[in-house]
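Form predicted alone, single chain, as structure tokens, below.
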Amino acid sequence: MDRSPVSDADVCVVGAGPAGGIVAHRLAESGASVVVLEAGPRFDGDRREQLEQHIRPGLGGPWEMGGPRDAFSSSGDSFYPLNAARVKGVGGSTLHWQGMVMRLHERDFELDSRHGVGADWPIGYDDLRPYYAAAERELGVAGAADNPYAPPREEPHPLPAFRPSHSDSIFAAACERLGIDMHSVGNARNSEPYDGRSSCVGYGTCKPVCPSGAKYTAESHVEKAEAAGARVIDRARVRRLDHDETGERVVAAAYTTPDGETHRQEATQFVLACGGVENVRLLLLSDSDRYPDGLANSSGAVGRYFMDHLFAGAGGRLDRPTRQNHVGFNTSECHQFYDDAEPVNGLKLEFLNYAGPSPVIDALHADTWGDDLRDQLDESYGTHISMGALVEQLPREDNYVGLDRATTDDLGDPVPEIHWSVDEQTEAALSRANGIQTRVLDELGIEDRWTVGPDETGPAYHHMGTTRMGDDPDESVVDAECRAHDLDNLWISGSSVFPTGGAMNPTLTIAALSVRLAESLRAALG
């Protein structure tokens, strides 16, 4: 494949996930010459074969996650399993995401003003509101207006909501008795045919792979961008950005291809869209005499304020069928406690539809065979039930992404270092989530149960905050339009610009900001 640079490019986008795909499509559609550089490959294989890779032990995962290319370091009090969190390839991490999409609340944009913690965004919910609607149309969101705690919206979701699952009905009576409100949750998967993709047919393996194509992946925007004239170069690993003599403009992205050749892609405008970790790494690797601490880092904020969502969970077994894993995604949630102030960390409750082990996993660990094994599987499969929760982590300067210069990847570049700890306030919010979940399980009469709480929790793999947005160039990396304070033609798209992360899955906000960034960039191109 020819992976040489494009001549006379207007825009160079680094990264082909949802942020890069949407920006590339919008700009190419408007007539701009766009080139996308993606570090990973195209995963063009048969999705049913990729499903088989997932469910058959020993075949490995379908998305080539990890290895020498993706080496990293973890420091801080909590180990961060970075290579479980990201996919490098066309489509990015939407290839293996759960597909849950909801808007941030008004309080998320003004947390400092309201509660004296975290930070305020330079824009408010009303500024992003029309772009949320556009993002829902872009992704194809199935949802309903039955959530009394959701921020105001101006139009229905593009697709009707999925019906509540069987296990949702088990939770519903208990939650009603406890005064806990269940409601539908937005899903970026088709409840009916939409945008050239089929409706969900219930494979139940949404994470890591949807064989039917009902679940949105950013591959669709990359394909639309190419149809509009953009050129996408895969396996092109960008290793630094070079600026001009004034230090005010980026002039080229230097990248290496699989055959070891190096190239320089020049363009008028540059967009970083390679996630909350690799955006930082690339800026820090692009240091120069003018920017000795890394590109766009006059504030010293590049890499700082790394945030993720924390997971809290509880579940157990019932003496009746729960039909788990028949639906591979959540159909109901509870946002009732999201805006509470004690503790101030936002939290949302999830009613899971994928509790308990699969029959394959159960069989591999069984000591029986034949009819006895079948009876064991009948007894264990589909009898589990569980709840999850996402808990907000507030931005802290000492949680950061940096470079481990003592460790290099297979090209000899320093790997990213994730320095991450969970503070006491977040632990208190996790305990609160566990407490609510315990009340529900008690009401259901579940005795054989498990809990994931403050001591055993892990991240939800949502990387946020490392190139934060703000009005003050001394405290932030990009302005309200997502353009770097330090360089006129460098833009950053994705959750790395979030000043706070709330407790909602971030991809819809990533998409909304990307639509907005494309509009600003189109105006800059003239």
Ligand SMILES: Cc1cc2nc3c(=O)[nH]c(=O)nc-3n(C[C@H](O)[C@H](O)[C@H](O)COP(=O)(O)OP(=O)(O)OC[C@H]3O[C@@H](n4cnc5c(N)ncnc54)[C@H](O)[C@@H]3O)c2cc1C
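All residue numbers refer to positions in the sequence shown, first residue = 1. All figures in this text were calculated on a predicted structure; none of them were measured in a lab.
There is another form of this protein, the form predicted in complex with the ligand, and it is not shown here; the text below is about that form.
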Fill in: Position in contact with the ligand when the complex is considered in the model of the complex, options Gly92, Gly346, Gly303, Gly118, heavy atoms within 4.5 Å
Gly92
Discussion item. Between Glu392, Glu219, Glu136, Glu278, only one gets a heavy atom within 4.5 angstroms of the ligand in the model of the complex; which residue is that?
Written reply: Glu278
Fill in: Options 481-489, 23-31, 465-473, 36-44; stretch whose heavy atom lies within 4.5 Å of the ligand in the model of the complex
36-44
Worksheet item: Is Ala84 one of the residues lying within 4.5 Å of the ligand in the model of the complex, judged by heavy atom distances?
Response: yes
Discussion item. Please tell me whether any heavy atom belonging to Asn297 falls inside 4.5 Å of a heavy atom of the ligand, as the geometry stands in the model of the complex.
Written reply: no
Worksheet item: Though only this chain appears here, would Ala312 touch the ligand in the model of the complex if you measure heavy atom gaps against 4.5 Å?
Response: no
Item to complete: With heavy atoms only and a cut-off of 4.5 Å, decide whether Gly15 touches the ligand in the model of the complex.
Response: yes
Worksheet item: Among Lys207, Val238 and Pro506, does every residue place a heavy atom within 4.5 Å of the ligand in the model of the complex?
Response: yes
